[in-house]
Every structure is written in C-alpha cells, then in structure tokens.
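Given next, in structure tokens, is a single chain: the form predicted alone.
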Amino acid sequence: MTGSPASTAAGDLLADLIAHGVRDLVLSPGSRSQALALAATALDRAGLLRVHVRVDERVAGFTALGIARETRVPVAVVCTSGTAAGNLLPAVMEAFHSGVPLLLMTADRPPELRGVGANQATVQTGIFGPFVRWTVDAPVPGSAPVPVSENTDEMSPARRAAGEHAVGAPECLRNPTAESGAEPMAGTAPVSDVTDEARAAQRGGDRHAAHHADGLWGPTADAATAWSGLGVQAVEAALGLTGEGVPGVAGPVHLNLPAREPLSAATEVTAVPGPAPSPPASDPLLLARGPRTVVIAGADAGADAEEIAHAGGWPLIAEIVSGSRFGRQLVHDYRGLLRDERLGGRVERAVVFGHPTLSREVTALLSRRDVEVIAVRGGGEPLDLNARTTAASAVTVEAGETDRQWLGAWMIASQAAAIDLSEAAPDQDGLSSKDPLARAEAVRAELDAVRRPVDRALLADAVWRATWPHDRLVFGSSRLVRVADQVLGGKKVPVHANRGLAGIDGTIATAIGIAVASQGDGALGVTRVLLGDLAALHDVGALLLPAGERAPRIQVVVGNDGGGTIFDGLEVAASAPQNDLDRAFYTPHAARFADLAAAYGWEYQRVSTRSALDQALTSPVTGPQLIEVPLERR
C-alpha cells in the first residue's frame, strides 16, 4: 500500500491488463488521471507496456484505434475527467461499428462531487451509450466516501445519477430503475462504493465479474484493490467474449475510474505479461455449391474473403479497402458488372465479409429480397439490408465441382473491363532512330510522359504501385477512395480504412497508430495515407508527435483540390445554386500545407507530375512526410 490508494489501484489494474495481453496504452495528460499515467510510464520504462502520449484526446482515441486495428488486441486509452472523455466519442463510435477492441479508461471525480458544480466534473457514467460492449463505474480506491443527501428535492439530476454509486443513498437513487421497473442500461455494471465485504459479495454475483476462487481478484482478499479484476473483465468484453452486443465481435469497453485525493504517490509497479484470451472455436456455416454466388468483400474483410471465393470458385467483388483485392477470381469494374442483368441480375446468393460501403450497386444487391445474403460477423451492428440476411461467425464451402459457366462469364467480362494506368513503354526504335524527325517525336513523347500532370486516378495508381506487403495503406473517406475503388487492380497488400461509419475525422491519427504498431520491433515498411485536403485539415492536430517517442515512417499523401469535391458528384450538386454549393459543401480554403508541415516538423514535398510523384513515393522514408498533390476540382 502507498500513500495514495489511487496509485495502488492503478498499478493493480494495469498489471491485470498486461497479464491479459494488453501491450499498448495511449495517454492524454490530465490531473485526475495522474495515478494511471504514472503507473503506465513506469511500466513503459520497464519494457512491459508501450505508452504513446497525445495531448488531444480525440487524436488519442483514433491513435489507439489505429494500433488496435493493426494488432487486433485491445488498446487502452487514458484521459482525465470532463470534456476529455467526450472527445473520445468519435473514435469509440468508429471502433464499435468496425469491431475494434478499445479500453476506455476515464478518470473521474468521486460520486459525492458529481452534480454539485465541482470543477471538471460531469456525468461520465454511460457517456458512450450503446457504443460500448461493457461499462463500469468503478469503486473509489481507499477512504470511505462522503454520504450523499437522501433528500432528492435538493439534488440536481446529475447528482441523483451519481448517487446510485454512493453510500447513504436510498435504493431509488443507487438504482434509479428500482421504483420505475425499467431495465438498467445494456452493458452497464455499476459497482457500489461500499465495504470490502459488500464488494466481495458483488464479485460473486455480477455476471461480468470473475470469482476470487479463479485467482482473478488477486492472490488474497487483503491484496485486492478497488479496481482488482476489472482488467480481465474489460479485455474479455473488448474481444467479444463477454458483454453486450453481437457475440464474438470485438468493440470498445468503458472503465470509469473515480479517485479521491491524494491522486498519486510514489509506488513500485510490477506486471507479468501474458496472452490475450482466445475466443472459443465455432462451427462454420457450410455453404452449398448450388446457388449462383458472389463473394463480397467490404472494409476489413481481409484474406478470408479471397479464400472462400477461391474455394467455392465464385467471383470476388472486393472493395479497395477490403484487404481482399487480389486473386484469380477478382472482378474488375464490379459496379458495371453488377448492373449487367446477365451477371448481377442473375445472382442468387451473396456471401459478405467486412462492411461494404463504397458503391450503390453492392447496396442494391444486398437489399434484394430474392437474393440469399450470408454475412460473416465483423462490426457491432449486424448487416441486414434485405431484412432476411443470415449472420455467421465463419463459413466454409462444401466439396464439389465449380460452376465454371457462372465463374467464366464473370471472368471474361472482368478481363474486358480491367483498367491499365501504366505508362506506355518508351519507343526505343524512335529514340535510337537516325531520322531526326522520328527521334524528336520519340523524345517529345517521353517528355510528355514525364511532365504528365497528376489526376485522381493517376494519384491512386501511383500510391497503389508504391505499396507492398510489408507496407500499410490507409484510405481516408474522401473522393479519392471511390476513384481508387473504380480504377485499381489486384494486389495483396494490407489496407485499412475507417469505414465503420465512413467519417472524415481521425484518418491521420489512425494511420499513425497503424504505423506505430506495424513498425514495432524493427519491422520494415512504410505506412501511406491517401486522403483529400479536407480530411487532412480535419485531423491536422494528429501531426503533433511527441519529441520523446520514435517517429513512425509514414507518408501522408494529400490530394488537394481546394475543398470537398466529393459533393460535386452527389445529388446536391444538381439542385443547389453554385454559390450555395461552394459555401456549404465544397468549403473552399487557402490552407498552406507546407506551413503546416513546417510547424509540426514534418518533411514536406509538393509534386504535380507522375514522375515526381513516383520518385517521392519510392525514395527512402526515415520519418513522417507530408506529400501534397494539387488536383483540378472537376
């Protein structure tokens, strides 16, 4: 025990997380979270935990999201109380819809200081609503709490909410649903701030809690702290093994951690690293070979989609953000082929991996009542666009012959629709010709190729060609990802994108998290981010990297067309007056990316030709780079 029960409890909690597979923690500075921060940095010095400091909690949330995307292991985020917790919400929502495990550890005031106007105190319990698989308002470490008034007429709504976790409050305040008969909030496990005996009793009864006999609450009752056992519960829920929501799907969990002064004290922190819990084996759904089938790979589908397409002999419709855009069954120009009644019109079954979001044609197919849709679970919200979709944890294909007529029709059409954006080979005969006119024409053609301005298709193609399996590629929710989806061919490279909600925010922070995770332990590779100018400006704060941490090898490639040109291709462009369209949607700007890069200490290049772009993308990368590519609006 130290002079600060909060420090003892913080060390206990982090040791529990490390024992169950957690290796990364993203920290935003704050006074109320100091016990957690100091315990984390001590564990970092000991080589037991990797701590990543970000001053902006929104950036911290998305950085953690990126690390967890890459590792598929829960990543902790620590912040102070008040608006700090609220700034995590965008990343939490994306993590929920994408099935990414996050551990949200928000420091808080003790219950008696909630709802009474205390500084930096608000209602944090339940702040993330339905976007967490499990949430707990932890007991306060150490001293007995100050009683809360039983006179509800004198209490604010916020204090009444806080009172459900306070000693001295009547049952109707400690459990506001007791008199109304209402059900408690899904996934919420209030932990009463009461005696050790009461706490031990609760451990035995809470369906989320581990039993002391299992050794998860510490070696002895005396050794346990107020936060003992919360770590393993949080990890299991984040991995989808317990908690609310779709079974087997990872997601965020929320630990609200109140403390009283003294908020920290010198203490020794130790931990023994252990593995993350493994999900139980599940029986895959057996897919019969009979129906005319396509495999659809949306965001985060990964290699599983290609494997099933190959095993079944079925066409593979893979979005560029799927990580499945490779293999012999890959369909080029899938939008056009789905519109073809001879192909898309004859589909009888669609097997879906990941979250498809990039085309209306896929949405239309999955909404058809005459198509059997089987969706492999991936995000926090089940896919069911036609109100009869079958959910599966995994699928496999029965033995049998491939329908070669069905597959062949798709492959012939796909080959005819393939796009090749590579430059024509140099005219060697012309360049070596003794005829001055022929030689001059060949030289002129070469110069034209070198000086060819970059458009969106060429930009996407250049980034795609520069990226290899040891690299990582991240797409922002900009017009560029849709162009890339339309023109790029097949290649087996790791791809990420925040397509759970397809929001514009957090792209750079997510990519930095992916870079940090993928380049650990001396691994090779570069993380490249392709996004538009507004998406880059929206997350410009993520460019601020801590001086004391190793800078990742990352190239943020900004296609700058001066505003939000994605709206130029939507319905609003046909109905809105041009001035209104520009002001309210296109939102033109005059931001100077060179100055932003200089301010944050990033290497900067501005390139406008294909040859210069290729050189920038393939030159050695030793740290963070921002590459600006000017584009025409139309």
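Since the model is a prediction, treat every value here as computed from it, not as a measurement. Numbers for residues come from their place in the sequence shown, where the first is 1.
A second form of this protein, the form predicted in complex with a small molecule, is not displayed here; the remarks below concern that form.
Colleague: Since the partner isn't included here, can you check whether the small molecule sits close to all of S478, D505 and L534 in the predicted complex (heavy atom within 4.5 Å for each)?
Modeller: Yes, all three are in contact.
Colleague: Any chance G430 has a heavy atom within 4.5 Å of the small molecule in the predicted complex?
Modeller: G430 lies outside the contact set for the small molecule.
Colleague: With a cut-off of 4.5 Å between heavy atoms, is G563 one of the residues that contacts the small molecule in the predicted complex?
Modeller: Close contact exists here: in the predicted complex, G563 approaches the small molecule to within 4.5 Å, heavy atoms only.
Colleague: Within 4.5 Å, heavy atoms only: does H538 come near the small molecule in the predicted complex?
Modeller: Yes - in the predicted complex, heavy atoms of H538 and the small molecule come within 4.5 Å of each other.
Colleague: Is W602 a contact residue for the small molecule in the predicted complex, using a 4.5 Å heavy atom cut-off?
Modeller: Although the small molecule is absent here, W602 would stay clear of it in the predicted complex, with no heavy atoms inside 4.5 Å.
Colleague: At 4.5 Å between heavy atoms, only one of the stretches 72 to 80, 440 to 448, 526 to 534, 341 to 349 reaches the small molecule in the predicted complex; which one is it?
Modeller: After filtering at 4.5 Å, what remains is 526 to 534.
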